[in-house]
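The chain below stands alone and is given in structure tokens; this is the form predicted alone.
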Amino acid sequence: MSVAATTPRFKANVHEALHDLRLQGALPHARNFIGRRADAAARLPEFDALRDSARAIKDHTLAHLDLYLEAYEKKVVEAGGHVHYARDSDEAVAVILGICKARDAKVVTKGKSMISEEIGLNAALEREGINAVETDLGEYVIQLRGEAPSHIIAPAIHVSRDDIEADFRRAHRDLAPDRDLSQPEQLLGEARAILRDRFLSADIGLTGANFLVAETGTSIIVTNEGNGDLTQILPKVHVVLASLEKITPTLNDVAQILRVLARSATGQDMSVYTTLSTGPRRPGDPDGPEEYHVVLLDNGRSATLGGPFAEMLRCIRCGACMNHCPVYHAVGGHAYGWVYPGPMGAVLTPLLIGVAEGGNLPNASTFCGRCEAVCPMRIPLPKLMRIWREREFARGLTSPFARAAIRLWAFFASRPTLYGLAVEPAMRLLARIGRRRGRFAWLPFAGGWTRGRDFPAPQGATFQSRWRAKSGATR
């Protein structure tokens, strides 16, 4: 029941994205995060040491995940809550629908949750006649548009202010048609007024979780709007939907990871709100839900433990990798065709839906290494994408032309003398032909490159010949 993927048509998605003028006008906003992250890191001398500590915390947790899950469940139950384990998307949806039906729920307000996107929760609720209302402003905008998020922390980054005004005028028909929506503050005020009624009428509030604390049974969300607080405080039932790897041993461990999370995501020292919830309302509490449920989704995570992709489970969904990715900057998030875009999606998507469906994504990388360089959890994303490329090739999923080209290259690359004899004359020929213009508008077998840019003509001697001249080495 998870969201249908269009990743098999990734190349077509890319073509459409590159020719979408409105999208291309909006995408440069993603680059704003780059400078903010650099400034925030520079203000904290121990930033890199904290990254090392955060990596160690997650590695330790994942190595003992079964024990921490048991400890977390025990604490949630002691606090009066309920823990539900779901092996896959269908089970997670069934658990949440069961909670809704037990309360005869008609309205569910939602904080931002990528896991709910992963399992296709909104569509499942709507099929049962339950109104699912996104309360994060960006999520609310794209829900009105019938779209999926295009970024994991800025889901509407592909939408312009004019688009939002048009969407609000279309969706909020009971408001005065001549109202002024020319400023962002006015758009925000209108959304706040509309959503306030939804908060007050909700039967159930559902949030994701940035962290689940085994020490206390606490769920933690970080937001900049406060919508998550209203989502979990006002309704009678609070449901936390999270994946298994969100478990963190102690509150002190969370405090360390929080110091790199917002700095990596948005360039803030801390998010505006960091909200901790532990169980339902207790006697004497002024507010809070009557029921507290945690739905823990596996969906392939446990099978990843101990394998070559286990490091991906350290991901804290900060979005830094896509903020710095030149491919994401060119095509946006929707081109990736499923829930998780950018470099992290290029690794995570094949894990969750299979390399046959998601195998195109690991090829959408220049391997420039910027994603790994800025990842707060030091996930070696290029290495993991390379493993997926190898598996795609081994299963015969790449095109026959690509496989033949790689085999031809491998034949020469494994024979250095033959490689030099073939490459050096070819480079001299290209250099002579391209000497006048310094570039080629077309080359055989390079149409994928030259359709969008010229190919620079070789200049000077090859690296191998220069190396031999410098070192005196022979072939």
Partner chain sequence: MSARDEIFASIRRSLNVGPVDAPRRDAVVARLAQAPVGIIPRRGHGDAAERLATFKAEAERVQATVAEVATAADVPAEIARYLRENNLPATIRFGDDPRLADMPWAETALEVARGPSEGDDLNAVAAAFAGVAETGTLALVSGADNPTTLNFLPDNHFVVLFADDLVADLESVFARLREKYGPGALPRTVNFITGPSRSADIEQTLLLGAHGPRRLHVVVARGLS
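Positions refer to the first chain, counted from 1. What you see is a predicted model, and the numbers here were worked out from it, not measured in a lab.
Although not depicted, the form predicted in complex with the partner chain is the subject of the following passage.
K.L.:
I need to confirm a contact call. Of R43, R407, R415, R428, which residue comes within 4.5 Å of the partner chain in the predicted bound form, counting heavy atoms only?
P.N.:
Here the answer is residue option R43.
K.L.:
Considering non-hydrogen atoms and a 4.5 Å limit, which listed residue (A123, M270, A166, L397) is close to the partner chain in the predicted bound form?
P.N.:
Answer to the contact question: M270.
K.L.:
Would you say all of E16, Q24 and A171 touch the partner chain in the predicted bound form, counting a heavy atom within 4.5 Å as a touch?
P.N.:
Not a single listed residue reaches the partner chain in the predicted bound form, so no.
K.L.:
Is H64 one of the residues lying within 4.5 Å of the partner chain in the predicted bound form, judged by heavy atom distances?
P.N.:
It does: once the partner chain is placed as it appears in the predicted bound form, H64 has a heavy atom within 4.5 Å of it.
K.L.:
I'd like to check something about N131: if you look in the predicted bound form, is any of its heavy atoms closer than or equal to 4.5 Å to a heavy atom of the partner chain?
P.N.:
Looking in the predicted bound form, residue contacts with the partner chain do not include N131, since no heavy atom lies within 4.5 Å.
K.L.:
Does R87 reach the partner chain in the predicted bound form, with heavy atoms at most 4.5 Å apart?
P.N.:
Within the cut-off, so yes.
K.L.:
Any chance L421 has a heavy atom within 4.5 Å of the partner chain in the predicted bound form?
P.N.:
L421: no, not in contact with the partner chain in the predicted bound form.
K.L.:
Choose one stretch from 343-351, 314-322, 96-104, 234-242: the one whose residues place a heavy atom within 4.5 angstroms of the partner chain in the predicted bound form.
P.N.:
Single hit among the candidates: 234-242.
K.L.:
Would you give me the residues of 258-288 that have any heavy atom within 4.5 Å of the partner chain in the predicted bound form, in order from first to last?
P.N.:
In sequence order, L258, R259, R263, Q268, D269, M270, S271, V272, Y273, T274, T275, L276, S277, T278, G279, P280, R281, R282, G284, D285, P286, D287 come within 4.5 Å of the partner.
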